[in-house]
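Only one chain comes next, encoded as structure tokens, the form predicted alone.
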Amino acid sequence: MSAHTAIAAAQPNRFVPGYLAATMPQSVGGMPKAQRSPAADPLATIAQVKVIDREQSIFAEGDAADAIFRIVDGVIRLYKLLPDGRRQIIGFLQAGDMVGLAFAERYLYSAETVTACTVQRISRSQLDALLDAQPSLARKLLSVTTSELVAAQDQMLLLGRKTALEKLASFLLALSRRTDGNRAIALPMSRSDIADYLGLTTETVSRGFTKLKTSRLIRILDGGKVELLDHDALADLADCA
């Protein structure tokens, strides 16, 4: 069994079969290009860099899962199509995130760019060889992906019990945490994307933004950004469930 297969087999992939996204620590991902070196970032030595325009497919559900991807810049959505044709977004990925680590012969979800993106494509065969040669990297991937899965499962349980407004507050706070608690956060995804992620209608999401705005909890900024005016009140709202 390869190191990659061992990592995948150890993951509790219960919430979305075959889905796995992980944020790598600074020693492996999310590092400024000028600071990267083969020793600090071994994945970069085997990666093929690709620049992809917005609203383009990276891979589709059912495609052969012959590579993993690490995001260098931009935002990607992951989604599944339900039997009735509806779309369920299962995650938004940003710089430093990786997708496709779960071992399966075919992707069980689709990935598309929300914005123009730069990604690193790493073939599974090359990753297997690297992990076999560097067991410490395999352990790091296992640790990070396990933590991400636990956090995602907890989040899904919470969202399932929350009202629409509580879900939206949780979503905005989660984006804020990804930017080290910045009050102004970018929202490159559409209201429809947010609705498909939170299990709401687009109209409900729009009404939720209006309610948060009139309550002076957020302010809508130019350029697709939102400012969180009262972080504590949003946190209280998000924790109401």
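The first residue of the sequence shown is number 1, and the count goes up from there. Note that the structure is a prediction, hence the values are computed from the model and not measured.
Same protein, other form: the form predicted together with the DNA, not shown, and the subject of what follows.
- In the model of the complex, the DNA lies farther than 4.5 Å from every heavy atom of residue 178.
- Interface membership of residue 182, defined by any non-hydrogen atom within 4.5 Å of the DNA in the model of the complex, is ruled out.
- Remark: residue 210 counts among the residues lining the DNA in the model of the complex, judged by a heavy atom distance of 4.5 Å or less.
- Taking the partner from elsewhere, residue 159 is found to have every heavy atom lying beyond 4.5 Å of the DNA in the model of the complex.
- Residue in contact with the DNA in the model of the complex (any heavy atom within 4.5 Å), chosen from 43, 67, 173, 200: 200.
- Contact with the DNA in the model of the complex, defined as a heavy atom within 4.5 Å, holds for exactly one of 129, 108, 164, 81, namely 164.
- Residues from 183-206 that approach the DNA in the model of the complex with a non-hydrogen atom closer than or equal to 4.5 Å are 190, 191, 192, 199, 200, 201, 203, 204, 206, in the order they occur in the chain.
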